[in-house]
Every structure is written in C-alpha cells, then in structure tokens.
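Only one chain is given next, in structure tokens, and it is the form predicted alone.
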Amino acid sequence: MINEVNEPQLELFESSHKKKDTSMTFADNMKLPIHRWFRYSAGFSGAWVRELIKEKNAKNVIDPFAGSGTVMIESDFAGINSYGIDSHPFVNRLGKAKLLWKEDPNKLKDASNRLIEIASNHKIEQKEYPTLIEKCYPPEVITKLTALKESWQKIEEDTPTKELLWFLITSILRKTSPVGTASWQYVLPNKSKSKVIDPFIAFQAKSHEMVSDMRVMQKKYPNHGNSHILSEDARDMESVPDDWADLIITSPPYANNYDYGDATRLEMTFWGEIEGWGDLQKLVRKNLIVSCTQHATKIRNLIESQIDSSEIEPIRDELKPIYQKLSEVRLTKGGKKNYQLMVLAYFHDLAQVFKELRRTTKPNSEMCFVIGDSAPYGVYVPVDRWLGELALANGFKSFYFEKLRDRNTKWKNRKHRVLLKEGRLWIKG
C-alpha cells in the first residue's frame, strides 16, 4: 500500500519538466472555447482534464467541487457521462449555463441583438443602488448595466437562451468596472484599472465570442456526452447512483482562509440576490465546506464537538496538538482568527466527502484531488497526507502525492515563512 509521497518519482517529475506547469490554474482556459466564457480562477486546466479522461479511459466522471464546470465541459467533449456537484448557488448557476453550449447559437445571436437594442432605448428610473455597486461603477456605467438587466428581466419565457443571456451579462460585470475587480476574488474599490470596456460594447463582444464558440465546438463535438451540474452538497450527493464513477477529478477548497462564499459577491449584489457581505453566511457559506474563519466562527459550537467525532478519528492524534497550538497562537495575534476551528471543520467535512465518494465510485476507481497544504499563523498542516489518511479510512486502497510546485517562496509581505507546496493527490481503489 502506498501512503506516502513517492520521492524518487517526484524528483524525476520535477527534473524533466523545465517549463512552468500551469495545469493547476485556470489561466490556460482563457484560450479555450466555452471555458473562457467566465474566468473563475479557483479552477484548473481544461486541457489537462481532457488528457486525464483520455489516459484513464474514463466513462463516468464526478467532480464533487464543480466550480464553473471545467470537468463537465471536457466530459461533454469526450462524449462521456459526468456529474458535477457545487453547493455555492451562484457558481452552480454559472456552471450550468456553460453546459448550454449545445444550444442553438443562432437563437443566442438573435436574442442578444434584440436585447442590446431594447437596452439602448431603455429609460432608467433614478434609484439607489447597494454601496458595493456604487463603489465599483460610475453612474453612466450603472445606467447601462441596469438597462441590460431590466431588459433581460422583461423576457417572459424561461428558456436556455434566456439563461445564456443572464450568463452573458454576468460575465461582463468585472470587465466594465474601472476599479479593482480581480477575477479572484475580492473587490478593491481603492484600486483602478487602466482598461475598461463600455457595457454595451462588452456585451456585444461577449455575445460574438459565445456564439462563435458554440458553432465551432458543436461542429467539432457533434456526439457530445451527458453532463449535469447538481445543486447538491459533496457530503450528500443524493442524485448520484451507487458504484457509478470510475474517475474523480476535482479541486476542493484549500484550507487557506479564502472565503469562497465571497467569490461572486459583486455579481450577486448586482442581481439583487444579496444586499451586502452579511448575507453570505445565511445564503452561501452555510452550504459550503468550511475553509475560512469567517464561516467557522459563526458555527463554533457545532465545530468544537467534532474533535471527538468518528470522521476525525483517523487523524485525531495528529490533529489535536495542532488544534491546541492554533488555539494558543491566535491569542497572541491581533486578528485572533479561529484557525483551529477552520482546520478541524475542514477535515471533518472532507471526511464526509470521502465517505460519499466511496459510495458513488466503482471498486477500482481512481481519484485526483488538486490541493495545496496550509500553515495558518505559521503552524503547518499536512493537508495532502491527512486527506489521504481519511480516504483510506473510508475504504480506498492507496494514495500518493504528486508535487507540482512550491508556494510561499517569496517572503516579502508574507505572514510566515513556512514553505508550502501544491500538487495532485492521487487516490486509488
């Protein structure tokens, strides 16, 4: 049984790949049709997924953290079946919209032309906007974006084309803001961009891109697969059958205090789904794997009891000292962040995911988790090994970690100097 990093193999891997590996990032996808429709940087390369599906000769694939749908899109192209799971309601909708690439592109072209014509003549009543929107857009840009939104809202029939138009408007929101609206993840109103696109021009350009991509990919892949993105929880994938998947490709949230619930706050505020940051806990974070202190602190009482749970038992002896150390270190820090709660809840949640993956995968399946380790307040957490141990405890046979790159190597402005790594956790069985 392999349950440790295969050092000789890693040395060979690293020495034979001089070119920087970008397969663990979303960057390459911005050159790929369909994938490039929305930049969701918490993702990985579609080209890498394509090669992995082919290499493993997969027929049924699951991504329990589907994000904007990279695995499902590539499964479609490969002509196979797939399920994606994502409990972030807005990100889930984005992924589902991208799977509509198989719809009639001429309908989208005609509908987008009609919408921009209606929006150009639409009269906007003066109104107050949420603070975030006013910080991100000057009045003339808000007016045009609102015209697009209100024109879309007047479309009565719910069709795939209408959903593609919603996606189209959503995809231009950051491009049309003059302030710092990085694709991942926080909005920085005090920063500015040198290049900003007029909303109507951005809308037309995105429409042209989407229509063109749909035509090209429908011609290239006429016999597409059967992919679905479900609005479910990776800890309870009730719609996925038992013993179904032969391959899992995914990247769970990293235990690095990124607030995944906040990733689309600008877009959700624009569409009126939230009023402000405070709404995220109730509407978004409650559905997510715990990976940030904002989430963990709100459910402290629930998390503290997890230290004695059966899910944590395989790693409890190692986790408890780290939990205690983080509890002590936080009292010496200005922010006093509850990293100990975040770490405990993170592994408790992932243990439940492995239990559900064991149910939904075939006996000889293989899983690939794109992950990175963590060191909150400088206290190292061996994420890859602990996840591997949890997989073994839930019935999988073996694991090994394939390191791809070092992280936290540039110490300037860093809060600690613990060397971290990122790579792929391979689990068999």
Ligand SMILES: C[S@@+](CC[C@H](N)C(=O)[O-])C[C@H]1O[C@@H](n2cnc3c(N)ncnc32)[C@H](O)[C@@H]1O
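Throughout, we count residues from 1 along the sequence that is shown. The structure displayed is predicted, hence computed values, not measured ones.
Only in words, not in the display: the form predicted in complex with the named molecule, which the text now covers.
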Worksheet item: Tell me, which of His224, Arg93, Arg174, Arg235 has a heavy atom within 4.5 angstroms of the named molecule in the predicted bound form?
Response: Arg235
Discussion item. Going by heavy atom distances of 4.5 angstroms or less, which of Ala351, Leu341, Leu145, Ile85 would be at the interface with the named molecule in the predicted bound form?
Written reply: Ile85
Fill in: Candidate spot Tyr40, Phe44 and Pro253, all three touching the named molecule in the predicted bound form (heavy atom, 4.5 Å)
yes
Discussion item. Leu288 versus the named molecule, in the predicted bound form: is there a non-hydrogen atom within 4.5 Å?
Written reply: yes
Discussion item. Would you classify Tyr260 as touching the named molecule in the predicted bound form, given a 4.5 Å non-hydrogen atom cut-off?
Written reply: yes
Worksheet item: For Gly67, is any heavy atom within 4.5 Å of the named molecule in the predicted bound form, or not?
Response: yes
Worksheet item: Any idea which of 240 to 248, 227 to 235, 202 to 210, 162 to 170 reaches within 4.5 Å of the named molecule in the predicted bound form, heavy atoms considered?
Response: 227 to 235
